[in-house]
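Only one chain is included here, represented as structure tokens and corresponding to the form predicted on its own.
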């Protein structure tokens, strides 16, 4: 349902009936408080736009001109949360109207948002606003799909492969739509591009854990084993990579908690110890994993090996965290 995005300009707006702002004079944008170190030199256009915006906001006016003003304010101050929030509520009201002569659809708003996003890659309000639009203005799931969201997400991650806000939004999208179809290939692409990209590894773990929830025990085990093989190959490429080792460790924990018998669990741990020992002189993270694996296998039986590992980390391989490893040693004594 609908009302079209405004095509007019500021000069076309009838602002004669915008109510005056009743703010205390100390809070006016163009007022210089006596205790201020200096007055901020706002431009006249900025002051004019913000005054109109505040007036419309204070009067709760959910209209086409308010929608237009929010757009102008957001372009001036992209991180202004209040403007985003007001725009969202305006759209909710307008989209609930039964005027079909001029349409605003969710897609039209998202089209504008796509364009705006490309010029504001680090703005997190964009993504929370986008999430709210999809969650709260889509009446039926078939009115919108994950496919609509993927291009802008990929564009933004291509531009900055570690943009936390975009990765978080992608997580929300795939979980909201329950569609993990493209995610393995998506993670592969960015890990292949940069094996150290922790954002890609975190997203991969997010996908894995959600897939496990809907898998049968046999499929779950097969998936974990497949991912274990994949991760070992990536560790071979870059042994001193905390991201791949953390992922590998999490996979072993999943195997331990997978309901298999103790004999099978011990074999898995022994195999992982054999693998990690290949890097015991080239990777502090391999040593850290070995301490974990020995502890999981039998901390009393392998106490000597665990102590030796911690000592190596203190003196040679990870002295920057020496106090932490000394603490781990004291726990064994």
Partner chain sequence: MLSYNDQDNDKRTRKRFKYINTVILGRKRDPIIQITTSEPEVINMCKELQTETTIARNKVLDKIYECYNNSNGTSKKYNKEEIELDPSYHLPYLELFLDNDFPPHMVALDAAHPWLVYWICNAYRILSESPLPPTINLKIKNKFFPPLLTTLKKAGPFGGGVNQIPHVVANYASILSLGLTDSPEIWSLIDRKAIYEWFLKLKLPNGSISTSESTGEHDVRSIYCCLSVASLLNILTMELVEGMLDFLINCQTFEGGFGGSPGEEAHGGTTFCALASLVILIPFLYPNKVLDDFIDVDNLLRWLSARQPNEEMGLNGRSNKLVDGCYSFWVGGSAAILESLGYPFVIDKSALREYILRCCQSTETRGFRDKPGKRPDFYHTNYVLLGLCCCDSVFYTKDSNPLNFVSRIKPGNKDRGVAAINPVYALTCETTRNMYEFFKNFSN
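Positions refer to the first chain, counted from 1. Under this definition, the rigid core comprises the largest set of C-alpha atoms superposing within 1.5 Å between the forms. Given the structure is predicted, the values throughout are model-derived calculations rather than measurements.
The same protein also exists as the form predicted together with its partner chain; that form is not shown, yet it is the one meant from here on.
Put simply, residue 271 is far from its partner chain in the predicted complex: not one heavy atom of it is within 4.5 Å.
A residue is said to contact a partner when one of its heavy atoms sits within 4.5 Å of a partner heavy atom; residue 79 meets this definition for its partner chain in the predicted complex. Although the partner is absent here, residue 54 is a contact residue: one of its heavy atoms lies within 4.5 angstroms of its partner chain in the predicted complex. In the predicted complex, residue 114 stays away from its partner chain, with no heavy atom inside 4.5 Å. Shown alone, this chain has one stretch from 216 to 224, 180 to 188, 148 to 156, 229 to 237 that lies within 4.5 Å of its partner chain in the predicted complex by heavy atoms: 229 to 237. Proximity to its partner chain in the predicted complex, defined as a heavy atom within 4.5 Å, holds among 211, 106, 256, 242 only for 242. Within 4.5 angstroms of its partner chain in the predicted complex, the stretch 309 to 333 places a non-hydrogen atom from each of 315, 316, 317, 318, 319, 320, 321, 323, 324, 327, 328, 331, taken in sequence order.
With the core held fixed, the Cα of residue 267 is displaced between the shown form and the other one by less than 2 Å.
Residue 40: CA moves 2 Å or more between the shown form and the other one after rigid-core fitting.
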